[in-house]
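First, one chain by itself in structure tokens, the form predicted alone.
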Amino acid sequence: MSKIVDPFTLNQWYAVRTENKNGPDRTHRTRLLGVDIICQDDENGQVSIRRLDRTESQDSELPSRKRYGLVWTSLGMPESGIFEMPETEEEGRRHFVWDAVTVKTSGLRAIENFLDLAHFPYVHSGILGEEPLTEVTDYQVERINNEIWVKDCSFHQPKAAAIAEEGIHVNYIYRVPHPFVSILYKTCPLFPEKFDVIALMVLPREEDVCDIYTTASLFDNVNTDVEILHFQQKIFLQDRLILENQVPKLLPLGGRSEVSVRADAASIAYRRWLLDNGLSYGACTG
């Protein structure tokens, strides 16, 4: 490893590829926390994962799980299984898993950006927000079973989803069950009493480089898969430009290098949670 990885980071499950086979040789190479790993599928679709920095006398096998359309592994010893998302089993939803996009920043920065409501009118103008409707109303942040939950969020969005035909007032709930995962529940334009669910599963390849997988469970009986993908990609690529220009690339924990305001309550809670759990990988103390 390029550096010692703190236990909180090490002992997590990480999505390292989609379930579908990658190429005719059924192999997929990537990096996890600075370690080269290889995933291989056998004829029965079973996946084996090995780390490539061990000698022949050392065990190189890593655990492998399939969930939410992704393959997961860990370099450590997770204390529990992969977090639950029961909405993925709900009848009537369309489920999507999009392959990773590489972003040259800390995976923690990606999660924090996902939690940020204030950037909607400026970065996603005409889609997730618009001027002059820029105010972020007060919302609630709490820790539940060592997870971060952000509740009672609301925002006016001109086009909240691919299926939206007009602007609506959208309610948001964020859940952070893992330092490199965030799950969003947002008002569905088709069924306002229900939530669409979008999740970011971040693979920290290095401290300052990550792959971001996106999954979604949506109510949409109009758009094609390609149209929904293009809508989500447009938003993501707007975020990517911002993420890759943030300085420093690692997420500051502690100190006063970045000034927070009331709308940053989710970010502040996320950073404190990381500090309280002893996380240091992908972070700096400036």
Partner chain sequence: MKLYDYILSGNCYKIRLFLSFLDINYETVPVDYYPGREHRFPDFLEINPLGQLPVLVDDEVKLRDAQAILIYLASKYDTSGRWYPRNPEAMGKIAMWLSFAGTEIMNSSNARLHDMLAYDLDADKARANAHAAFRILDDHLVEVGFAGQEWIAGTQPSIADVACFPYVALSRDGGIEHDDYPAIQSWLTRIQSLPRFIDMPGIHFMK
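Positions refer to the first chain, counted from 1. All values derive from a computational prediction rather than experimental measurement.
This protein has a second form, the form predicted together with the partner chain, left out of what is shown; the following refers to that one.
*Asks:* Going by heavy atom distances of 4.5 angstroms or less, which of T27, S60, S48, Q238 would be at the interface with the partner chain in the predicted bound form?
*Replies:* Residue within 4.5 Å of the partner: Q238.
*Asks:* Which listed residue (C188, I168, A100, L200) meets the criterion of a heavy atom within 4.5 Å of the partner chain in the predicted bound form?
*Replies:* Residue within 4.5 Å of the partner: A100.
*Asks:* Would V226 show up as a contact with the partner chain in the predicted bound form if we use heavy atoms at 4.5 Å?
*Replies:* Heavy-atom contact with the partner chain at 4.5 Å: present for V226.
*Asks:* So in the predicted bound form, does any heavy atom of V123 sit within 4.5 Å of the partner chain?
*Replies:* Flag for V123 set to yes.
*Asks:* Should Q40 be counted as a contact of the partner chain in the predicted bound form, where contact means heavy atoms within 4.5 Å?
*Replies:* Q40: no, not in contact with the partner chain in the predicted bound form.
*Asks:* Going by a heavy atom distance of 4.5 Å, is S64 a contact of the partner chain in the predicted bound form?
*Replies:* Contact with the partner chain, no.
*Asks:* Please identify, from 214-222, 40-48, 229-237, 64-72, the stretch that has a heavy atom within 4.5 Å of the partner chain in the predicted bound form.
*Replies:* Looking at the other structure, the answer is 229-237.
*Asks:* Looking at the partner chain in the predicted bound form, do all three of K104, E131 and E244 come within 4.5 Å of it through at least one heavy atom?
*Replies:* Yes, the whole candidate spot contacts the partner chain.
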